[in-house]
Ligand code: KG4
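As a starting point, one isolated chain is supplied in structure tokens, in the form predicted alone.
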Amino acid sequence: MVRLFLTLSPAISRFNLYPGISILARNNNSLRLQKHHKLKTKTPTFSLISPSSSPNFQRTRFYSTETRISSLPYSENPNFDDNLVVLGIETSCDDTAAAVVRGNGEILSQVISSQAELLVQYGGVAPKQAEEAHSRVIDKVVQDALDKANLTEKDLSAVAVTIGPGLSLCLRVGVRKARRVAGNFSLPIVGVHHMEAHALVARLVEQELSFPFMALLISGGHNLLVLAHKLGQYTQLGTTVDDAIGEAFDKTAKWLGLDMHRSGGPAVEELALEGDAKSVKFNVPMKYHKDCNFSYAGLKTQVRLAIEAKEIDAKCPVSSATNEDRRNRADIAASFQRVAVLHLEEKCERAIDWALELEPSIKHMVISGGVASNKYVRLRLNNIVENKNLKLVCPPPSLCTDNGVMVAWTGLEHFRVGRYDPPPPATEPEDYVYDLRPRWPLGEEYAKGRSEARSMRTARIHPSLTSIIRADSLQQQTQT
């Protein structure tokens, strides 16, 4: 059941883009996790929010702290053959997504509403316009996900929703919807870390993927190398000091006059097939930094200067370019892609060595996030991983980009071990303060991985997911 979507594409509905696509759905008479029984327990409720020594951290009102639901037994094998059914909602950036996933890994439905037209219009994600677009379609997306799964809210065991990191305005739309569904139907709610969801969806794909494992998470807003010790506990080996690789792909595509309807990554990858990857001499970023951090701001500047030197007019689409102009654009695209990925290769190779020092039993490396859909990226990184005697695990492209399946699955993993909150009130005031975490680290920094080049603003950074869970575990131990 878990591997069903590997042979049958996940059920995806993109409004106005693929109206005729078929939907994978099944009739369901699932039990609801006996949740009423669980919610009556008088032991304290787990909350991802825990006391922090940080003076900049304030407790917000998203999670209840009145009762604790006892943790359920945890198994290293995530593929339980059970009747849990979770709705996942994702609105952290520019895609409005919802999905329904069964506890055994079966994807009952997946719906995504894209903001491609807005991306073209504004040349990227405009937070206010993205929020408005989310608000217009969120009800329909969630309802379609339920309809395509042949379920109603009463059939759900819980609701999972991304609470960070991401754009605050966009996150709010998803959280508000999730709380309304959970409140109206007395469902537990799970707050999900967006980057953890990108990593853990690989456990739905690959049954053999167990902790510990390595993960490279690459997207428009993130470059993250982490060592996953166990559920909710991660060591950050490297991150970006400025721009992420996806941002560099998007800007390169825009400057080359490529079609942005599919985002910049696929457009650059396609044009690069026509070019000479060694024709333009770009320097590999951070070549002499012996850490695992990334930087793409300088490479973006190199690309822009190369485009200016070739007098390429971004206002002239590549489809209208002369043969010579198109060849110049293709050479720049290919050369940029080669160096951008070479930067990933060098940092990943070092990170794997560090990870094996910490966890010698590692057997897998996960590559996920939107940029992981790039075939050239997968090919090059697979060579690195195989040389280290590891196995590469990549979710299918539909599960690499932002989606509701990864949120639902991550919610399931935490739900099983008791990391969820009781149903919120059926009605909440308009000025209710939601717990939104736009800048939320996944794990604690590895000492070797700290970068003096990174000037990280800490005023509004939440404690990492790992530190919150560890603090809660410590608190439980001291109470017993």
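Numbering starts at 1 and runs along the sequence shown. Only a predicted model underlies this, so the values are computations on that prediction, with no experimental measurement involved.
Keep in mind that the form predicted in complex with the named molecule is missing from the display, and what follows is about it.
> Could you work out which of 329, 194, 102, 347 is the residue within 4.5 angstroms of the named molecule in the predicted complex, going by heavy atoms?
None of the other options qualify; the answer is 194.
> Given that the named molecule is left out here, which of 239, 113, 373, 109 has a heavy atom within 4.5 Å of it in the predicted complex?
The option sitting close enough to the partner is 373.
> Whether 227, 291 and 449 jointly form a contact site for the named molecule in the predicted complex is the question; each needs a heavy atom within 4.5 Å.
Spot residues vs the named molecule: no contact at all.
> Considering the named molecule in the predicted complex, find the one stretch among 400-408, 137-145, 205-213, 155-163 with heavy atoms no farther than 4.5 Å from it.
Selected stretch: 400-408.
> Looking at the partner-bound form in the predicted complex, is residue 259 within 4.5 Å of the named molecule by any heavy atom?
It does not: once the named molecule is placed as it appears in the predicted complex, residue 259 has no heavy atom within 4.5 Å of it.
> Please tell me whether any heavy atom belonging to residue 247 falls inside 4.5 Å of a heavy atom of the named molecule, as the geometry stands in the predicted complex.
Residue 247: yes, in contact with the named molecule in the predicted complex.
> Counting only non-hydrogen atoms and a 4.5 angstroms cut-off, does residue 325 reach the named molecule in the predicted complex?
Although the named molecule is absent here, residue 325 would stay clear of it in the predicted complex, with no heavy atoms inside 4.5 Å.
> Quick one: is residue 269 in contact with the named molecule in the predicted complex, heavy atoms, 4.5 Å cut-off?
Residue 269: contacts the named molecule in the predicted complex.
> Select from 211-225 the residues with a non-hydrogen atom within 4.5 Å of the named molecule in the predicted complex and write them out in sequence order.
Contacting residues: 219, 220, 221.
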